[in-house]
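Take a look at this single chain in structure tokens; it is the form predicted on its own.
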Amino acid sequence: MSRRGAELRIGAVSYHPRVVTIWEKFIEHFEHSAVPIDYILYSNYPRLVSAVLDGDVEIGWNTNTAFVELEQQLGEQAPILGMRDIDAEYATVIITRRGEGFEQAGQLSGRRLALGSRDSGHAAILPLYYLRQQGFDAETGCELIRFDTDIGKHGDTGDSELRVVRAIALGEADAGAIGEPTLAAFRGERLAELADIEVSWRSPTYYHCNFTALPTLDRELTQRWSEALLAMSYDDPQMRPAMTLEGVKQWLPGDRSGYEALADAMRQTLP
């Protein structure tokens, strides 16, 4: 429920306790920018997509999968109001044990390929799509091992990707697909299971999360909100902790070109 009833309602998914910390601080920024907001947290992205479509929130903080689902249900393009710098250069990597890598996608044939949650664009949908684009159908050419541990959260928790890493380290899988930023985060945490693991394949880059509204939302209001978002500065000591938790150093304008591959993949593979 809105705190005073006049704020823009922003919907997000509560995939980790830090989400509350992030949004409590973001509220202060938008208040100071004269575009007050409140936030509503949902347990999963299908509920968030429904909330945007039903008008329960005006803006959704969506994964790439949620964004594509929203547009497919909407039947038209939805305005993208902004994304993180990290979202504009996302990629998936396939990791293997050191010395067991491959140079061509077809060399995965007959191997055990671990994937994250099946609704994760970066850890399941797009790696299979890009491998097909390179002439290798992993769904028929590999034994797929799926870790569907955070269905509905589109891989946000990182749990399924952690299981992918551990399966490779334990010899339960020969290769595994995870997000490149997830790998960087695991390395930053000095994850022991990465000691003998290397990157054997990297996908083309694509876009990840974005703020999405309906086309019916007032354009002048969305413009002011987007400008306030882009004005949030990592150099501001008051905002840096929350931006660090959100994994962003700079907010970027909305752009839809980086979602074409995922939209195509979801048309091919999801009901």
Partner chain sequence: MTRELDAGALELGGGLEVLLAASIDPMQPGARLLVRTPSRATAYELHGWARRAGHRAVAERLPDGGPYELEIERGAHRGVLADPLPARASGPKPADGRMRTSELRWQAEVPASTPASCGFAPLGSIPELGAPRFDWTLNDRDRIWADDVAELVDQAGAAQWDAASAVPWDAALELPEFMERAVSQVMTFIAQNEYAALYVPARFLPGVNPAFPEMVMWLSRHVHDEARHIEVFTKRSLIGGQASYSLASTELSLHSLLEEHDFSGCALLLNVLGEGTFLDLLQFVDQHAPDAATRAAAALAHRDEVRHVHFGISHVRRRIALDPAERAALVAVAERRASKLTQMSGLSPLLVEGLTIMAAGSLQPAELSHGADAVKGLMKTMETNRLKRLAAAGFDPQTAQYLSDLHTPNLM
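Residue numbers count along the first chain shown, from 1. Remember, predicted model here, so these are calculated numbers, not experimental data.
Below, we turn to the form predicted in complex with the partner chain, even though it does not appear here.
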Answer range among 111-119, 157-165, 135-143, 183-191 for contact with the partner chain, defined in the predicted complex as heavy atoms within 4.5 Å: 183-191
Would you classify K249 as touching the partner chain in the predicted complex, given a 4.5 Å non-hydrogen atom cut-off? yes
Answer yes if any heavy atom of W201 is within 4.5 Å of a heavy atom of the partner chain in the predicted complex; otherwise answer no. yes
Within 4.5 Å, heavy atoms only: does E89 come near the partner chain in the predicted complex? yes
Contact between D85 and the partner chain in the predicted complex at 4.5 Å, heavy atoms? yes
May I ask you to list the residues of 93-116 that have any heavy atom within 4.5 angstroms of the partner chain in the predicted complex, in sequence order? R98, F102, E103
